[in-house]
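Below, in structure tokens: the form predicted alone, a single chain.
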Amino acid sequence: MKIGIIKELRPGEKRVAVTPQVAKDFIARGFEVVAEHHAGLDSHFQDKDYEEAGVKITDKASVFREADIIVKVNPPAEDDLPYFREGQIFIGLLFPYNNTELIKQMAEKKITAFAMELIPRISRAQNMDVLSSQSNLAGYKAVIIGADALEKIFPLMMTAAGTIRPARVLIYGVGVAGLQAIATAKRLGAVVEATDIRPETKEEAESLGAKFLQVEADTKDVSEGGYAKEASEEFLRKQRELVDNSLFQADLVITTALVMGRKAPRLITEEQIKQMKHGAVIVDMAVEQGGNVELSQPDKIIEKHGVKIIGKTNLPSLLAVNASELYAKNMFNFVTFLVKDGQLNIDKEDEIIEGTLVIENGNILKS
């Protein structure tokens, strides 16, 4: 089968779905690979790097015409849709529940499409889990962005002129991004606290050196498939009361909380921001899904009540080299799982395939 790599058209997107090294791995497995001119240039992978790996470089129309499988990071752009042909396979991020019109348009082309973000969080799918690989990098970058915006240093520093106390960092959400944020803030020397609706995350947070702020839940059934479930208003009120003291003392706050398939929960209100330290910084990692912070806006820095509120979307793209490397390896593992002996193997009894299959030969399965 032939794999086609096309250039990402989302504004600000620098990642590529398959790197030259992973293309070489595909070719070693018997695949052919064709790529659009400059598909990986924003990730600093040049056409010559792909050609040296055995990839054919050509124009977009030729990629779509020749490839059996089209791979991308983001959902197809409007300009991509006319090129699809019947029977083609698309693999990438799709977010079908938020992109119903796009899914309809793709289905009209009678293609088969898999959504990488819907890979279940089970042990045998860990090496395909793009949300984890990308969130890991995003958690790191969020701390770096916050540290850059904060007008003080992170570590304890003892000087002849006096002692500088370490910065205090509070992290909402102890998933993959939150854990990496904890680890990064600790490495930089901050005092770190963290909170999460899921009590099972306490041990992980503490193992990285964070103090865990735990709300007693009315039920243990607060997570599903590795993600937090939507919390009740009563629970969120209790969480705010518990965390307020740490929030008002924090120098940097990072919010990572997402609920699968729903708008991000509101964790910090404007009233709370008014009581935060003057000069504090908030990085809202959930801003693209509606935001955890009342005043945050996508790709803007808002300064209000003496607090900087940073809403940066697509954080992994800011680390395009590493993000592309990890995404490409996830893609390789998924494609080689799907394709057996040169044939697409759609076993709907398999949890991974059932979870990710959005369109099958033009029939919409998830939207």
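Residue indices: 1-based, along the sequence shown. Keep in mind the model is a prediction, meaning the values are calculated, not measured.
There is another form of the same protein, the form predicted together with a further copy of the same chain; it is not shown, and what comes next is about it.
Heavy atoms within 4.5 Å of a further copy of the same chain in the predicted complex belong, among the stretches 235-243, 97-105, 143-151, 293-301, to residues of 143-151. For the residues 326, 53, 339, 57, the 4.5 Å heavy atom test against a further copy of the same chain in the predicted complex is passed only by 326. Between a further copy of the same chain and the residues 42, 32, 36, 68, the one pair within 4.5 Å by heavy atoms in the predicted complex involves 42. The candidate site formed by 46, 162 and 319 is fully in contact with a further copy of the same chain in the predicted complex, as each residue has a non-hydrogen atom within 4.5 angstroms of it. Although the partner is absent here, residue 269 lies well away from a further copy of the same chain in the predicted complex, with no heavy atom inside 4.5 Å.
Interface membership of residue 184, defined by any non-hydrogen atom within 4.5 Å of a further copy of the same chain in the predicted complex, is confirmed. a further copy of the same chain in the predicted complex comes within 4.5 Å of no heavy atom belonging to residue 259. In the predicted complex, at least one heavy atom of residue 133 sits within 4.5 Å of a further copy of the same chain. Interface residues of 175-193, taken as those with a heavy atom within 4.5 Å of a further copy of the same chain in the predicted complex (partner not displayed): 180, 184, 187, 188, 189, in sequence order.
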